[in-house]
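Shown next as structure tokens: one chain only, the form predicted on its own.
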């Protein structure tokens, strides 16, 4: 078989034309479609990546905000607990102070009642003692007891300091009261004793006062002094007021 070079050349030319046509009308459009598809895919991937990044940012912001809110909540709870604790402590302290005041008032009232009871009991006891002593001494009161009291008075009054006798020295007439009439020697002794203490010779008057029971009472102006059963018993009964 003889090779026809013309036919071969035409076949080659046809093949080249076919290749050019395929490339011109088939390969390029397909390639463009593929490139467009890749571009779309890349754009979609970029959008998805951007969306993912935005979602990550929002998630991070949400997480941070949640942590901040949790911290703020803890701080607010802690602050509220502290305020409640302070308020509770203040109320407890106020309650304790009121209770202390009430306890002090109750203690003061109880102490006042106890003191009043002791005063009343002491006064009753002293009144009873004075009444008992008065009833006991009244039958024993006689001129002899009075004379002993007068002698005792003279001994005591002579030893007193000057300031205690200033009332006598600055007073007027000296009035001496006794439950029984004094003997002359007793009157003489009293007159000399009192005039010496008064440092003058003012008049000395004697009188009888049976309410004294036994003993003596001296008065000069507003100054009064005595040693008798009535005054001693009265002083005993009133001693709780001192």
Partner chain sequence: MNDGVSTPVWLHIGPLEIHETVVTTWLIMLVLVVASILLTRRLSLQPGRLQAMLEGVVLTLESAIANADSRNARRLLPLIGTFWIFLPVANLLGVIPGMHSPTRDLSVTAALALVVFFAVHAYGVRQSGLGYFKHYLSPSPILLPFHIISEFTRTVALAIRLFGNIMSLEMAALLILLVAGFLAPVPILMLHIIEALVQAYIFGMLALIYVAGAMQQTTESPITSSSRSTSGAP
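Basically, rigid core = biggest C-alpha set you can superpose within 1.5 Å across the two forms. Positions refer to the first chain, counted from 1. Because the structure is a prediction, the values reported are computed rather than measured.
The discussion below concerns the form predicted in complex with its partner chain, not included here.
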> Non-hydrogen atoms within 4.5 angstroms of its partner chain in the model of the complex: do 46, 58 and 66 all have one?
Replying inline: no
>> With a cut-off of 4.5 Å between heavy atoms, is residue 62 one of the residues that contacts its partner chain in the model of the complex?
In response: no
> Are any of the heavy atoms in residue 205 no more than 4.5 Å from a heavy atom of its partner chain in the model of the complex?
Replying inline: no
> Is residue 188 close to its partner chain in the model of the complex, meaning a heavy atom pair under 4.5 Å apart or at it?
Replying inline: no
> According to a 4.5 angstroms non-hydrogen atom cut-off, is residue 200 in contact with its partner chain in the model of the complex?
Replying inline: no
> Can you pick the one in 50, 184, 35, 70 that has a heavy atom within 4.5 Å of its partner chain in the model of the complex?
Replying inline: 35
> in the model of the complex, which of 212 to 220, 192 to 200, 36 to 44, 174 to 182 comes within 4.5 Å of its partner chain (heavy atoms)?
Replying inline: 36 to 44
> Quick one: which residues from 10 to 43 get a non-hydrogen atom within 4.5 Å of its partner chain in the model of the complex?
Replying inline: 10, 11, 12, 14, 15, 17, 18, 19, 21, 22, 23, 25, 26, 27, 29, 30, 31, 33, 34, 35, 36, 37, 40
> Quick one: core overlaid, is residue 196 moving 2 Å or more at the Cα between this form and the one not shown?
Replying inline: no
> By the 2 angstroms cut-off, has the C-alpha of residue 185 moved between this form and the one not shown once the rigid core is superposed?
Replying inline: no
> Can we say the CA of residue 205 moves by at least 2 Å between this form and the one not shown when the core is superposed?
Replying inline: no
